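Single chain ahead, written as structure tokens, the form predicted alone.
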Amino acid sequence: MEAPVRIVDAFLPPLLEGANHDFAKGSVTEVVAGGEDACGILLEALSGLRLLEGGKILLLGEDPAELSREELCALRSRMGVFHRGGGLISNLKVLENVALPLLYHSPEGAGAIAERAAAALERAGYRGNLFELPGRLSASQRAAAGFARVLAADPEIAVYDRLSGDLHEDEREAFLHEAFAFHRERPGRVTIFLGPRAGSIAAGGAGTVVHLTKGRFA
């Protein structure tokens, strides 16, 4: 069975230099990218926001570079992405940030989506005003809101960019524990953690660690 995420002879210098790696169905992988900037670039490549100079990144059997805008949007709806710091839209309230992707992709009505977003925020450990703007939030609140957006989407692929980078140790352990529990809830879900150094997922449970070194995975 083909892996849901496949990196095939990928060139995006200097980050990827003919890189190859398969993220198998049901796998949890920590990718040590070797630098803060490298994590962000790799996240963009994995989510189809940055095109390669050669090779392919295949997501659920699709090459984002070959898709129309509508097709790419549909593919991204099957992914959940946590951007460092939560990646929240500054002029949208917390609840709106979590609900926005669902409004585009879910057949549910606005009321049901709002309830789903609120439940995801509660599960993510968000303790604050649901109608607050991101600029007024603490680092842990922003992270919880960004994590809730992944939870609400129930994706086939979940990618976390430095999920625990700005958190205290107890907060980091709580987020990782919940991310692993969430991974197990959907059979076959692929979970990828990106970080600049090894050990970011140690508190959550078992997983595979791969290093991106000199443009290749090892």
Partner chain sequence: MLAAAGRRTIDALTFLGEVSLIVARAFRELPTFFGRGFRPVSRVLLKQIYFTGVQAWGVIVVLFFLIGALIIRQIISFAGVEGAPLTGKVLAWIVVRELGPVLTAVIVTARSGTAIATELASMRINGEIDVLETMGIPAARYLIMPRVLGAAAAVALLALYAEVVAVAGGFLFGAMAWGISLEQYNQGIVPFLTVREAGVSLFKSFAFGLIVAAVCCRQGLSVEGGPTQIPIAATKGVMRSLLLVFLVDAIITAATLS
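On a predicted model such as this, the values are computed, not experimentally measured, just so you know. Numbering follows the first chain given and starts at 1.
Separately, the form predicted in complex with its partner chain exists; it is not shown, and the next lines address it.
Chemist: So, residue 139 and its partner chain: in the predicted bound form, are they within 4.5 Å at any heavy atom pair?
Modeler: Answer no; every heavy atom of residue 139 is more than 4.5 Å from its partner chain in the predicted bound form.
Chemist: Answer for residue 115 alone: is it within 4.5 Å of its partner chain in the predicted bound form, judged on heavy atom distances?
Modeler: Contact with its partner chain, no.
Chemist: Though only this chain appears here, would residue 44 touch its partner chain in the predicted bound form if you measure heavy atom gaps against 4.5 Å?
Modeler: Residue 44: contacts its partner chain in the predicted bound form.
Chemist: Report yes if any heavy atom of residue 129 sits within 4.5 Å of a heavy atom of its partner chain in the predicted bound form; otherwise report no.
Modeler: No, residue 129 is distant from the partner.
Chemist: Quick one: which of 178-186, 154-162, 46-54, 28-36 gets within 4.5 Å of its partner chain in the predicted bound form, going by heavy atoms?
Modeler: Looking at the other structure, the answer is 46-54.
Chemist: Give a yes or no on whether each residue among 198, 208 and 214 has a heavy atom within 4.5 Å of its partner chain in the predicted bound form.
Modeler: Result no, not one residue of the spot touches its partner chain.
Chemist: Within 93-118, which residues come within 4.5 Å of its partner chain in the predicted bound form, counting heavy atoms only?
Modeler: Those in contact are 96, 100, 101, 102, 103, 104, 105, 106, 107, 108, 109, 110, 113.
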